[in-house]
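Alright, two takes on the same chain below, each alone as structure tokens: structure 1 and structure 2.
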Structure 1
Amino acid sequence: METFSHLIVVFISIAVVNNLVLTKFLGICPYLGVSRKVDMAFGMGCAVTFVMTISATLTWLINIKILVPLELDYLKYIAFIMVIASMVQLVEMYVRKFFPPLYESFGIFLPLIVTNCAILGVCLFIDLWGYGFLEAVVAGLGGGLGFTLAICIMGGIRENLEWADVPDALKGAGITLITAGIMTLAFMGFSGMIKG
């Protein structure tokens, strides 16, 4: 039971308190680029969650079971990025074969997940924090869901912003960044919820 409650703490910590997008600035590009509509944002969030969970698991295994025992630490980044790129390729092939309509609606965004820094970021943070296997899996899942949460809220706000009277100079990226700043302030309310 002890470990179970610990895993829940890890999950909440990475999904809400240390939200990747809002406190670690990871995955800002899709956060600004794909958040124009809620449904698109949700699709992107799901794809990222999936890839992130599997990549976090695989990179943990590769790092701890292969690279560390063989003292090949310096190959870490190359190995991590290879895992992520091949996972994305796999997801793309799978979705194209079995869910063609979903594939159509994702379009260019699927391959772009490779350069989503949130995924590589989670893998690196897991390594930095010295997480165990189950913690790594939970952190991957939690990180993905936290990303989905942030990008969906942003999508909702931006749908409403379309009808707002925004100064010309701030239209587009400017107002999105300021909105993100205010959201970050709101999310700071969660800090202190988990100690340590």
Structure 2
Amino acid sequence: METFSHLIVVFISIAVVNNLVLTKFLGICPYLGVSRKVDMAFGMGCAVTFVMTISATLTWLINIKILVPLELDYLKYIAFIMVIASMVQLVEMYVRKFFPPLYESFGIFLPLIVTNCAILGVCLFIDLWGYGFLEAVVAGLGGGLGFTLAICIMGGIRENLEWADVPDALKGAGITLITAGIMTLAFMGFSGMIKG
């Protein structure tokens, strides 16, 4: 039971309290670029969640079972990026085949998941925090769902901003950045509740 409660704390920590987008400022490019509509934001969030969960799991296994025993720690970044790139290719092929309109709406942002620093950040944080296997899986899932939460909230706000009376000088990027800042302040209110 203690293990389960610890995994819940790990999940809440990375999904809400230490949200990668809103407190660590990782993954800002797709967060701002694909959050114009909730459906696009949710699709991107699902893709990032899948890639992040699988990448966190595989990079933990590669790091602990191969790189550390062979004293090849210096290859960590290369190995992690190769795993992330492979997972993104799988997602891209799947979305292109089964969801063509979603694939078209993502545009360049789907292949850019490879360079999404939130995914690499989770893999590196897992190593830094010394997580075990189950913690790594939960952290990957929590990080992805935290990203999905942040991008969907932003998508909903941006959809409603289309009907708001926004001054001309703030329309577009200006109001988006102000909104992102306010969301960040709201999530920063959780800081210190859980370490990680």
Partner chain sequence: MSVKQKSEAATFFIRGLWEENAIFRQLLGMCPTLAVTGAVKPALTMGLATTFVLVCSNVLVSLMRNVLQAHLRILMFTLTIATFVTIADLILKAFLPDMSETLGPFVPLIIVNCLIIGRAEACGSRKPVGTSLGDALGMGVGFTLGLCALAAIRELLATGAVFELAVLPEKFENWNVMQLPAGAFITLGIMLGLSNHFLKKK
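Rigid core here is just the name for the largest C-alpha set that superposes within 1.5 Å across the two forms. If you're wondering where the values come from, they're calculated on a predicted model, not measured in any experiment. Residue positions are counted from 1 along structure 1's sequence.
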* To do: Look at both copies of the chain and name the one that is the form predicted alone.
  => 2
* Using a rigid core alignment, state whether the CA of residue 182 is displaced by 2 Å or more between structures 1 and 2. => no
* Asked: C-alpha of residue 79: shift of 2 angstroms or more between structures 1 and 2, rigid core aligned?
  -> no
* With the core fitted, just quote the Cα shift at residue 96 between structures 1 and 2, in angstrom to one decimal. => 3.9
